[in-house]
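The chain below stands alone and is given as structure tokens, in the form predicted on its own.
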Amino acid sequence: MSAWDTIKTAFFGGLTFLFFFVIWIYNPFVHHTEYEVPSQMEEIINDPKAAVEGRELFKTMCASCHSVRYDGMYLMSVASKPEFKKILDSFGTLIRIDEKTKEKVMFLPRDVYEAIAMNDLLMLKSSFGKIPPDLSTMYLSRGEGYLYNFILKPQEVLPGTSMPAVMTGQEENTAKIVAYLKSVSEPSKGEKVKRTIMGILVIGYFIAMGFLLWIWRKKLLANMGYGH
């Protein structure tokens, strides 16, 4: 390999590394604001048992405005409709069987859910100015610090937000709700390992194929009288 080939390889290898660093680890173009979480509350957020309690709290305190479709949690006004169970049975996908109630927890595709929930969503929009979002992936996009502080004191974190301060003074319950949203957003440890291995294999495949294509290209050039 010539010096020029070495320089090109190092350059494009560095660009590839930088790309994945920005995508997976740290994006310098995004504003990163640190939101503190008391250590005691952080322990609750990372406790799987607290997530179970958090689900019940979410159903009581949050499900009048928000859904969590990835965990079969829908607006209370929608879930109480007589025809909703039939729609779940027809279009839903089983997530799990609830250990306590023995009921099916079903995932409903977005288009199907919005079709039956449209009137309820529009009523929420008329009250709050916009439709409250589904929170299935909110933990992944915002993180525990933001969610904990926003749920606890929304106006301080996002002045002018239409989110009401329903959890003021309920630090522990807020942490449990965040624990629940974390449990929905994050896969199990076994699934995390599988995804990590898959990611490594995919990157390894592209590196190997790139190397083989480079060798093949050199052979083609040599056969054509180039490359010396």
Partner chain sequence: MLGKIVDWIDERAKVRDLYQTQMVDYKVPKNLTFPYVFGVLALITFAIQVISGIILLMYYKPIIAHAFDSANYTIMKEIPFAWLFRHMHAAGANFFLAVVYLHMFTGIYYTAYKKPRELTWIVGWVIFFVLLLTALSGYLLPWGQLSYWGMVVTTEIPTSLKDAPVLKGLFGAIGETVSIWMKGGFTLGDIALGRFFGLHVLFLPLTLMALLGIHLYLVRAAGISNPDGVEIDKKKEGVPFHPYMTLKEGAFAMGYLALFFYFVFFNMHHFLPADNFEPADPLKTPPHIAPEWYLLAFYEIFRSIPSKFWGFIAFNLALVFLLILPFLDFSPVKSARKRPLFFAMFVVLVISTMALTILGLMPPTPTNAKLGLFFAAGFFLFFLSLPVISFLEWGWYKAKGGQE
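Residue numbers count along the first chain shown, from 1. So that the term is clear: the rigid core is the largest set of C-alpha atoms that superpose within 1.5 Å between two forms. Computed from a predicted model, the values in this text were never measured in an experiment.
This next part talks about the form predicted in complex with the partner chain, which is not shown.
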| property | result |
| --- | --- |
| Interface residue in the model of the complex among 111, 89, 103, 83, criterion: non-hydrogen atom within 4.5 angstroms of the partner chain | 111 |
| Contact label in the model of the complex: residue 39 to the partner chain, heavy atom within 4.5 Å | no |
| is_contact(residue 150, the partner chain) in the model of the complex, heavy atom dist at most 4.5 Å | no |
| Interface membership of residue 177, the partner chain in the model of the complex, 4.5 Å heavy atom rule | no |
| Any non-hydrogen atom of residue 224 within 4.5 angstroms of the partner chain in the model of the complex | yes |
| Which of 52-60, 65-73, 164-172, 39-47 lines the interface with the partner chain in the model of the complex (heavy atom within 4.5 Å) | 65-73 |
| Heavy atom within 4.5 Å of the partner chain in the model of the complex - qualifying residues of 127-163 | 137, 140, 141, 142 |
| Core-aligned C-alpha movement of residue 164 between this form and the one not shown reaching 2 Å | no |
| Displaced residue check between this form and the one not shown: residue 38, CA, 2 Å or over, core reference | no |
| Core-superposed comparison between this form and the one not shown, residue 52 Cα displacement 2 Å or beyond | no |
